[in-house]
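Only one chain comes next, encoded as C-alpha cells, the form predicted on its own.
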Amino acid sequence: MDSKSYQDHFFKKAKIEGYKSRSAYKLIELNEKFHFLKNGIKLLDVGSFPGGWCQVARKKIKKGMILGIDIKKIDSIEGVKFIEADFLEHNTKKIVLDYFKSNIDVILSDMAPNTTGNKSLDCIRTNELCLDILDFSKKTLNKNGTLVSKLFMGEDFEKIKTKAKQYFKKIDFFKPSSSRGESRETYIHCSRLCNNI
C-alpha cells in the first residue's frame, strides 16, 4: 500500500467508525503505546478541533472530566466540555484552572498554527506552541501526570527536548503510523514531573 492509499485508509476508517477526524487514530496509537487514558482522570485537550481526540478520550474516560479548547467552534460531544477560545491568552488558562479546580492528570495538545506555506516558519510556530504547553503543564499537572504534545522535527527541537528533560523524569518521542508520511510532525510524551520544579 503506497503512502497516499495508506492515508486514505485512515480517512475512510474514521468515517466508518464515526470519528470526527482521521487524527483520532494518532491518539489511539499514542495511548496504546503509553497507556495514559484511564477512567476517572481529569483531561485537557488543547487545539481540539474538530473533536476527534476528545471522542477517543471519552470512550476511555467514563467517569472523569474532559475539557477541550480551540479557537474554532466544535460540535458537542456527550461528556465533554468545550471552550471556544485562544489557549495562549492568560484569561483562557485561568478558565481552565477554574474549571478543574485542582491539578490535571493528562494534557494533550495537537495544536498547530495556521500554515503559511513556509515550512521553516511553520515548524518554529508549532514548536513555540509546544514550549508554551510544557510551561503550562509544569504548573498544572499532577506529579504523576502526563503531557502529550505535537512538535515538528527541525528548529527548536533541541530546545523542547532540553526543557522537557528539566520538567519531567521521563520523556519519549513517537510518530504514529497514522501521521502523514511526508509530515515532519512527531509527538513528545512526558510523564512524572521532577521534584525540583
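Numbers for residues come from their place in the sequence shown, where the first is 1. Note that the structure is predicted; figures quoted are calculated from it, not measured.
There is another form of this protein, the form predicted in complex with a small molecule, and it is not shown here; the text below is about that form.
Interface residue remark: Leu129 is counted as part of the site for the small molecule in the predicted complex, having a heavy atom within 4.5 Å. Contact annotation for Met111: at least one heavy atom lies within 4.5 Å of the small molecule in the predicted complex.
The small molecule in the predicted complex comes within 4.5 Å of no heavy atom belonging to Ile95. For Gly145, no non-hydrogen atom is located within 4.5 Å of the small molecule in the predicted complex, even though that partner is not displayed. Of the candidate stretches 29-37, 133-141, 164-172, 47-55, only 47-55 has residues whose heavy atoms lie within 4.5 Å of the small molecule in the predicted complex.
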